[in-house]
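Only one chain is shown below, in structure tokens, and it's the form predicted alone.
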């Protein structure tokens, strides 16, 4: 079986791709939430359309983010202190993927039945989604900034057995 040629970040390509896609998804989910809230209070239905398409694209992009996250986590040198955070980050990532798709499907039903209104229950669930995204952001930041996943000095130290 051929092995991948890894760089000094333990990756087969120059930089981690997972954070790039994740930040794209985060921006779309937050902007969608923002558009829904502003549209709800100002009764600007055009913002509902913007919100829907952001969630629609985020639904596809989140699976790319999770797949690249799984791939890059598999290439990381995972030590015991980081294991529980990585496990929680992984489970929450897959859960968020399912949740984003479910909320988008619900949003599609709302859009098709009455595109001029958003029910308050949807805004409540969207608020919950945004809170989970913040938690996931914290966990991902901790994996990079505290545990140094794919950070060159940490990778080199791990290769030297430190």
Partner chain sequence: MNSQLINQLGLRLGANGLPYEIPIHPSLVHLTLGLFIIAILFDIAGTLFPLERSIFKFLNLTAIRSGFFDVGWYNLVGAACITFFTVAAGFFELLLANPPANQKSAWGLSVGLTMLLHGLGGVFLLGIIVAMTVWRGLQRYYWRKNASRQVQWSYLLVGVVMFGILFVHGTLGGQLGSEFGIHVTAAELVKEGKN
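Positions refer to the first chain, counted from 1. The model shown is predicted, which means the values in this text are computed figures rather than measured ones.
Not pictured, yet referred to below: the form predicted in complex with its partner chain.
The stretch among 90-98, 122-130, 63-71, 42-50 whose residues place heavy atoms within 4.5 Å of its partner chain in the predicted bound form is 42-50.
When contacts are judged by a 4.5 Å heavy atom cut-off, residue 59 does not count as touching its partner chain in the predicted bound form. Residue contact check for residue 6: none of its heavy atoms lie within 4.5 Å of its partner chain in the predicted bound form. At a distance threshold of 4.5 angstroms between non-hydrogen atoms, residue 31 is in contact with its partner chain in the predicted bound form.
Using a 4.5 Å cutoff between non-hydrogen atoms, residue 144 counts as a contact of its partner chain in the predicted bound form. This chain is drawn without its partner chain; in the predicted bound form, the residue among 27, 105, 116, 135 with a heavy atom within 4.5 Å of it is 27. Contacts of stretch 102-122 with its partner chain in the predicted bound form, defined by any heavy atom lying within 4.5 Å, are made by 108, 111, 112, listed in sequence order.
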